[in-house]
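Read the single chain below, which is given as structure tokens and is the form predicted alone.
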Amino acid sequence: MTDPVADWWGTAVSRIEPNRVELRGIPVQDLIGTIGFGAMIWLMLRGERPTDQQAHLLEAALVAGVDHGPHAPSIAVARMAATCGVGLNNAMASAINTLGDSHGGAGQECVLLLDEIRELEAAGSKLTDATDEVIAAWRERGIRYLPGFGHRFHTRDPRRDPLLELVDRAVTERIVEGGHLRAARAVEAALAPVPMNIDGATAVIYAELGFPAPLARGLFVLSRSVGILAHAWEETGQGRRNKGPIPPSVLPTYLG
């Protein structure tokens, strides 16, 4: 017989009782000092421990997305909020809340793009035909920039190659299957000379590791939170106040 009160927040993620803390069924004292943070993220999301190779690949993606400087809205907002005296928690929350569809959501969208290609492949289409069909469908929806490809700042994202090299190695070692990697490279070939960017490369990793598309965004949020914290903390220590988004010597264009 169920207890409607105890079932209110029923969860398999954690078990908390007096003198007892279990995470995914494992006593926390058995995890402290024995598991890395990337593997801990995997355990909490998936309910099982990753292999060392899976954890290494996940951590590589998380490391790659940590920071992209004040060019990124999330980092700029973190620094600006910190100068308003709101404290680290509010500065971080303000920055994280900017990670929406246009900034932070490309990884999730890229996984969905690659999933569509793989579905057509599974139905019997050739990879190139499936790629062309999906790209055309996305273009018809008015999507000008395909998520995960091209970059407004880099002609070639320096994070792309090392990430894809790790995926290539993981495919060779049969850690991942490689279908999403093949689909991403097919899109890149179709869009040439526009290269894959970090959102595309990390989308490949998350998808190859079996994370559904929404978690590609969630994992990016975890990754970028590290850079957000570092920038907010640095700005807090510089003692500046109300440092707005543009220097005071630059007046916004009046459109009236």
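The term rigid core refers to the maximal set of C-alpha atoms that superpose within 1.5 Å between the two forms. Given the structure is predicted, the values throughout are model-derived calculations rather than measurements. From 1 onward, residues are counted along the sequence shown.
FYI, the form predicted together with a further copy of the same chain isn't displayed, but the following is about it.
Interface residue remark: residue 163 is counted as part of the site for a further copy of the same chain in the predicted bound form, having a heavy atom within 4.5 Å.
Proximity of residue 154 to a further copy of the same chain in the predicted bound form: non-hydrogen atoms within 4.5 Å are present. Residue contact check for residue 71: one or more of its heavy atoms lie within 4.5 Å of a further copy of the same chain in the predicted bound form. The shortest heavy atom separation between residue 248 and a further copy of the same chain in the predicted bound form is within 4.5 Å. Screening 101, 173, 140, 177 for any heavy atom within 4.5 Å of a further copy of the same chain in the predicted bound form leaves a single hit, 101.
From the list 115-123, 163-171, 131-139, 179-187, the contact stretch for a further copy of the same chain in the predicted bound form under a 4.5 Å heavy atom rule is 163-171. Residues 66, 67, 68, 69, 70, 71, 73, 76, 77, 79, 80, 81, 83, 84, 85, 86, 87, 88, 89, 90, 92, 93, 94, 96, 97, 98 are the members of 65-98 with a non-hydrogen atom no more than 4.5 angstroms from a further copy of the same chain in the predicted bound form.
After superposing the rigid core, the Cα of residue 237 is displaced by less than 2 Å between this form and the one not shown. Once both forms are fitted on their rigid core, the CA atom of residue 248 lies 2 Å or more apart between this form and the one not shown.
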